[in-house]
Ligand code: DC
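Just the one chain here, the form predicted alone, laid out as structure tokens.
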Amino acid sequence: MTVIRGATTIARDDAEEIKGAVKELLDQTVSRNTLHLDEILSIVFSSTSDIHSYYPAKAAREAGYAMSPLFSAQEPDIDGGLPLCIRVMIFVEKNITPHHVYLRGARTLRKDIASKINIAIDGPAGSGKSTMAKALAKSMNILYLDTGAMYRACALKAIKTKTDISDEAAVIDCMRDLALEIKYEDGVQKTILDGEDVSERIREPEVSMAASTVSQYPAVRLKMVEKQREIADKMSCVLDGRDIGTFVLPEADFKFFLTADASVRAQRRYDELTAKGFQVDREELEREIVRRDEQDSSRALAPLKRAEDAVLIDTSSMTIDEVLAEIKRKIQEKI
């Protein structure tokens, strides 16, 4: 058996506040620990004495967690304690390494994570998310983790071994001996595949399209997500992708979803590739981007989707500096 702990705070003693906070805490704990609801043995809540409006256990039942016993208790008054706080212990029947989840003001209860922040930037291809993630990480002097590069490396592995990427079983078999290492040199991420620096090669159009295909396979995604979460657990970082805020790091402190017109995104990608010496067709790039949007949005596991609490920014007519300023402004507002 494993016990997973967590806590969150509410802005005021209000029934709707409590319902929303409890649902967020449980949903993120289940997602973060990759739990099935039938694996939960019981859920035990405690709340500070300044919370009276609603029982957290009742909020949990209404949120869909009625498959196991639910308990609520009120904590005694403690001088200097964190006010308006709801704590939880979730008992599960399997033995796992627990990922404890502390949200909102409750992060101060954990000194090991209080000074660490994770920022999720999601969006479709060409929306500017990678450019923004790099610029933001540099501006805030924290790590930039290029998650897309990890999937591109998986795709390149399949291409190099002449694996049929439409054959899920073949791709999974190809990934069994994947030797993927992420290094950081002079603030730049290096992607090392089978001992070779493939940081440039994984940006080729063929690899980009293949990455969209192989990343649909659950076994591939879960393997990469595990690596991404391990890194994010250890340090402050900015991650960009298509499902960071909804699946990889649903408890990220700040979430953004960038978008732009398909024609604008195609032009950006065309300029990027031609600047590197690649010969590409502008119209074909736009068709490819539209296809990729459809593919990424319709995949079964963790599709391209805006998180409910992500800030939406349309970058179609914005400069890099303008987008960066807007993101930093939103972060400052929340801080």
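Sequential numbering from 1, following the sequence displayed. Please read all numbers here as calculations on a predicted model, not as lab measurements.
One more form of this protein exists, namely the form predicted together with the named molecule; it is left out here, but the text below deals with it.
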request  = Report yes if all three of 6, 8 and 101 come within 4.5 Å of the named molecule in the predicted bound form by some heavy atom, otherwise no.
outcome  = no
inquiry  = Using a 4.5 Å heavy atom cut-off, which of 166-174, 252-260, 192-200, 214-222 contacts the named molecule in the predicted bound form?
reply    = 214-222
query = Is residue 286 close enough to touch the named molecule in the predicted bound form, meaning at least one heavy atom pair within 4.5 Å?
reply = no
request  = Would you please decide whether residue 282 lies within 4.5 angstroms of the named molecule in the predicted bound form, comparing each non-hydrogen atom pair?
outcome  = no
ask   = With a 4.5 Å heavy atom cut-off, would you call residue 118 a contact of the named molecule in the predicted bound form?
value = no
ask   = Are any of the heavy atoms in residue 148 no more than 4.5 Å from a heavy atom of the named molecule in the predicted bound form?
value = yes
task = Select from 227-266 the residues with a non-hydrogen atom within 4.5 Å of the named molecule in the predicted bound form and write them out in sequence order.
result = 241, 242, 243, 244
